[in-house]
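The data below hold one chain only, encoded as structure tokens and taken in the form predicted alone.
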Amino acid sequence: MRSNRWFTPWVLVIPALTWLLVFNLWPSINTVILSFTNARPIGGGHFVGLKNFETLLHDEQLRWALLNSVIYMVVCLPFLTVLPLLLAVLVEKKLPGITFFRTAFYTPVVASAVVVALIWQWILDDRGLVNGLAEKLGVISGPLPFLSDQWLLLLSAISLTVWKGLGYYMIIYLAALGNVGRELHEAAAVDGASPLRRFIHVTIPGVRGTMILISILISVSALRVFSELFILSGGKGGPGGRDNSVVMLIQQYSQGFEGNLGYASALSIVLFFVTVVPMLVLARLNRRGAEA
């Protein structure tokens, strides 16, 4: 006779539920609470109402950080949406040695972001590989300030993000391309469609849902960028701190014994809403495309 123990499913769920409550839900709630205080790592704090959010409105560093994050997203989005798809179409073909190229494209993904950023810092330094080679070839007369100029530093970090993310999103596209019916390509070829037209009218519609998913992942990652800008700028956020990202500001305001946890929490809430907006827009576009 089978015993009907109603609590058995709960016994299995409780460990995961406890983990979710302790490490996900409670920190989120605590962040909202702290955003209305002037809490410090040591010594506590007291309720200050909307003062932290009022300070945000006049924070020039935050305006630069938001601008950098938006530029980061706008530049990374097309490159990391289109280039991985083109790579996936190329490496999908069964050609001799194609496994080598798949591995080569994916290698930056498995490498540590910190290690890769340090290598790029060495390459882009005033006395690094790029400047040294360019000077020897006579392309430039003096070193380009890749790591000390505000916009060149931002461009360098974006280039690093694109280079490192190509292989990751290529793998996602490869999985999606496997679901595009081969018969569709064959029918289009019989009708006289060129490879370019087959790519535009067969491949892209077939992976449209995946493109939306990748766009969301890229947008969120770009708005939350940290390692690339932090390491390339030496942790200083570029000249005058104008290459900070929002995550870097949160780290700067919350670190140390005198860190302002209340203000850092308010910045975290701003970052949350900034990342949610592109997610909702892209999800809406995906829904409209599915209904069309």
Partner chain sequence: MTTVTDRPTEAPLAVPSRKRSRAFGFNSVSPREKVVRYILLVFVLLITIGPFLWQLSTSLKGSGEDIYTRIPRLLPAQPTFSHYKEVTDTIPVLDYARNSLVVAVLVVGGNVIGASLAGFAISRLQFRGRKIVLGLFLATLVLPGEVTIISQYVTVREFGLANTLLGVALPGMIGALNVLLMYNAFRALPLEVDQAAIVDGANAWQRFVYIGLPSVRGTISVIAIFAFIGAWDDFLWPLIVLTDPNKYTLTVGLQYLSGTFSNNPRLIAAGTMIAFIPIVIVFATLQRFFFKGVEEGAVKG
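On a predicted model such as this, the values are computed, not experimentally measured, just so you know. Numbering follows the first chain given and starts at 1.
One more form of this protein exists, namely the form predicted together with its partner chain; it is left out here, but the text below deals with it.
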Any idea which of 152-160, 72-80, 93-101, 207-215 reaches within 4.5 Å of its partner chain in the predicted complex, heavy atoms considered? 93-101
Can you confirm whether Pro41, Ser254 and Ala264, the three residues that make up this candidate site, all sit within 4.5 Å of its partner chain in the predicted complex, judged by heavy atoms? yes
Contact of Gly49 with its partner chain in the predicted complex (heavy atom, 4.5 Å): no
Proximity of Pro108 to its partner chain in the predicted complex, heavy atoms at 4.5 Å: yes
Phe226: touches its partner chain in the predicted complex, heavy atom cutoff 4.5 angstroms: yes
Using a 4.5 angstroms cut-off on non-hydrogen atoms, would Pro145 count as touching its partner chain in the predicted complex? no
Checked 124-148 against its partner chain in the predicted complex; residues with a heavy atom within 4.5 Å, sequence order, are Arg127, Leu129, Gly132, Leu133, Glu135, Lys136
